[in-house]
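So this one's two forms of a single chain, laid out as structure tokens and tagged structure 1 and structure 2.
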Structure 1
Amino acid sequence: MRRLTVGAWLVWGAVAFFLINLAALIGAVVVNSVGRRWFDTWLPQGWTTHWYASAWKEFGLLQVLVVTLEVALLVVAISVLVGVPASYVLARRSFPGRRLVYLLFLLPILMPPITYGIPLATVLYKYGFAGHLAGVVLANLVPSIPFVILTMTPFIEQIDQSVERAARMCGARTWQIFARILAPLLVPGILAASILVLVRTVGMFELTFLTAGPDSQTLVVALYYSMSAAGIRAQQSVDAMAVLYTSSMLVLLVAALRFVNPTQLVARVKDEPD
């Protein structure tokens, strides 16, 4: 049996330490969200779900969830409509500057959102988009469309081009090939890209925070305001809101892992011969 080295023990120890602290942090928030009073004891003195009802009314979670759903669905729909044709061009066409274009699409994903979020928000406020639902959607499209392109390009490259050539020989036009042949084959990839964009949009704080108004806050921004706004609020209500947000993100992540094959996301774009 192979024995672990000192370095391996240190790595596993650091991982275990991180996981234990993360579990303790999440557990404390969950327990506090269902506890009546919790002072100087290992467990609360009583259990209740009152704080969830209180958070639902106090923070207007119904409106917040509706806005979050609207923003997420609009961003997913527009990103797929724009990103899938763009990824097809990058996967099938060879043109000067192709690598540069692909790199430009990757920049919003590689760069921290705050680095381009502030100038982007400035432009959106200047033209009256920020502070409304449209501004939040436009801001989230900046990283979402490149994300769809990055996800869909490997899916398109895996489709044999002889299928498209045969369709062209039969007289099919480009849009007919895309709609009747490629689209059904790309359904798994489109579904994977949509779920990943949905997860990213719901969890996006920086861009949404910089462009959202009072009536266009998503759940993660509303959670931040519930913790930092002036006034006295029960910590249990804030924790209940945090549990709702974390639960929704976990559901989306599980769905993403169910439909997404990670090996397809790391595939490189193949260079077609000149």
Structure 2
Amino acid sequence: MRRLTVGAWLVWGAVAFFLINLAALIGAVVVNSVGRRWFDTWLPQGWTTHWYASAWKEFGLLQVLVVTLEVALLVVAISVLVGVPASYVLARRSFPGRRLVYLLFLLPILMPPITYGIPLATVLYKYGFAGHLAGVVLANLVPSIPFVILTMTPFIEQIDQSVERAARMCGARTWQIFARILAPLLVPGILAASILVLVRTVGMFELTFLTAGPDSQTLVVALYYSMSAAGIRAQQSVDAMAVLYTSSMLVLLVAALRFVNPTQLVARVKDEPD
């Protein structure tokens, strides 16, 4: 057992302070979402689940949830289909211009979404995609495909290449190698990448905000509108909706953590390969 030094106590103290405040912050929202009237007191005057019901009705939550799910699943499916083959090439092959291609895939992750979101939304409006589900999906693909590529490339790299060669020496054609050897080995990686893209897409505000129309809002955007249009909606309803949002994200996160190392939530940042 390590002896704790003064420094360690200070650090754990800071962590505890952060966590207590965080818990109180979340608690304040949860309490407000089930509170009847809450003004200048420690706790509300009474309890109710009324705000959840009204949030569900007023905001048309069902439709918003359906849209959110549609967008997220489409983005996951397309970015996996497009991203995995590309990461295979990046992991296995060296070719002229490889670093340039890698940089091109890295840029969308390095740039704030607003910087490319505004011109992208303009272009999507020009071609009539924006304001619909298609536009929201296309916009969300921009960071998602690179994210899949950056997550899958190191994953494929750690699969021994001689396994593929061995299959080839056993007489397997390229498609047989993909179907019988690579696909089963890649499943955990693809699953992890999919969940991560799902979490990120559900949480992505800026790009959806810029491209969504009234019928293609996801949950985050609907929440933002309801909160910024202050006074029209009861604050407790907004809180109720935010609690719903956070709980569903929490479920996704816990599911994700079962499959992946927590550090992958951020991005497996790999240094530029040579």
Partner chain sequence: MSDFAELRLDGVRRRFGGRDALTGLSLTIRRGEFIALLGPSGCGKSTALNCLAGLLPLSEGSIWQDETRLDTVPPERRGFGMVFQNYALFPHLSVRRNVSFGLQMRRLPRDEVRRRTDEAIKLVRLEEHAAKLPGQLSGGQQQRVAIARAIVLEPALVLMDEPLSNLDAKLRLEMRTEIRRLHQSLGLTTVYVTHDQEEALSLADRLVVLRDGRVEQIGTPQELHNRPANRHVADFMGYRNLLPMKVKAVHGATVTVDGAGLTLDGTAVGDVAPGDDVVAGIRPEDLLAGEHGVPVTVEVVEYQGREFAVEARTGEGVALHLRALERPAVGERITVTAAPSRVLVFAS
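Quantities reported herein were computed from a predicted structural model and do not represent experimental measurements. Please note that residue numbering is based on structure 1, beginning with 1 at the start of its sequence. Here, rigid core means the biggest group of C-alpha atoms that superpose within 1.5 Å across both forms.
The second of the two standalone chains is derived from the form predicted in complex with its partner chain. Once the core of the two forms is superposed, the Cα of I20 has moved 3.0 Å between the two structures.
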